[in-house]
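Read the single chain below, which is given as structure tokens and is the form predicted alone.
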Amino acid sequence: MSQSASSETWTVQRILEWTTAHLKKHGSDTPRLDAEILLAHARHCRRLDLYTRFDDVLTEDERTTMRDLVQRRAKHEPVAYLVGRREFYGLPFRVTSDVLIPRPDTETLVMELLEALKPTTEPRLLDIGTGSGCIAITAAKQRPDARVTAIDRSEAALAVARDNAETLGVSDRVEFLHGDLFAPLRASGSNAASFDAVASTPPYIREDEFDGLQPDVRLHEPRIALVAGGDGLDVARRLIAESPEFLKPGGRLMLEIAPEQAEAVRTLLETQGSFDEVRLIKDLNRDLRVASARKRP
């Protein structure tokens, strides 16, 4: 889709084929999907609509927009940032480079969380490191009787999360607080054991792993939300140590983890002293992805 080819006829089908080949050459793992999402965004239509309009010729504005998107994607800018959204648990979330892009793996944590809260009426949930708000907001959507508190140390991330809560109709039931882990609760005097569950997708990348991450992640997603010390467990350790102070007896802590950290996290939970019923849960790829533990009654 070069400038030199501007006199040629660029139909939906032709642009999809060209873009797919171009992005594949530049290292995309999902070049056809990327091409479809970007073109649907440029045309303000659904992906499905592309297939019923293969012979449509793009307008000059659509071609200009698409050219810019493809150039940026070829430099490893994530598609979710380019189009400004990512679907999570069937819901559309706005995303910017201030927040991690919601991953399908995190849906495993949400499913386990909702299952754990089934017996509880009007549950109270604490989401630490909320980012886009995907965990807190999804839980609030699925459990209209829930009250959710969501914390993040990034004001910019909280702005995105608040916008998502408003758009998805749960802003009246999700409270957003700024600060590091449990600090905002302590500052407000709300450090009594009052939550039925604490959930978090903490940073868990080791310092020595960061340079080897995919360029999409390493160059564009917020480092503060990815890296957690020499073994990747700096934040998880604090969550495990401090969360019992805020959990009701019988309440649960749920953490997303890297599969290779599973046994280390299990040991941290078992030796902390406040937890029982420690479980490691696999995601849809059969990787250990969630650690769950109950605060002893």
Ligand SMILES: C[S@@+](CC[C@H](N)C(=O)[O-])C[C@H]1O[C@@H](n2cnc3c(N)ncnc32)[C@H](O)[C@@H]1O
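These numbers were taken from a predicted model, which means no experiment stands behind them. All residue numbers are counted from 1 along the displayed sequence.
Below, we refer to the form predicted in complex with the named molecule, which is not included among the displayed structures.
According to a 4.5 angstroms non-hydrogen atom cut-off, is P123 in contact with the named molecule in the predicted complex? No, P123 stays farther than 4.5 Å from the named molecule in the predicted complex.
Does at least one non-hydrogen atom of N164 fall within 4.5 angstroms of the named molecule in the predicted complex? N164 lies outside the contact set for the named molecule.
So in the predicted complex, does any heavy atom of E87 sit within 4.5 Å of the named molecule? Result no; E87 lies far from the named molecule in the predicted complex.
Is there a heavy atom of R153 lying 4.5 Å or less from a heavy atom of the named molecule in the predicted complex? Result yes; R153 sits at the interface with the named molecule in the predicted complex.
Which residue among L213, L91, I224, M111 has a heavy atom within 4.5 angstroms of the named molecule in the predicted complex? Checking each option against the named molecule in the predicted complex, the one that comes within 4.5 Å is I224.
One residue of V170, L181, A146, V79 in contact with the named molecule, assessed in the predicted complex (non-hydrogen atom, 4.5 angstroms): None of the others qualify; the residue that does is L181.
Candidate stretches 138-146, 97-105, 70-78, 112-120 - the one whose heavy atoms come within 4.5 Å of the named molecule in the predicted complex: The contacting stretch here is 97-105.
Going through 198-212, which residues have a heavy atom within 4.5 Å of the named molecule in the predicted complex? Please give them in sequence order. If the 4.5 Å heavy-atom criterion is applied to the named molecule in the predicted complex, 198-212 yields T201, P202, P203.
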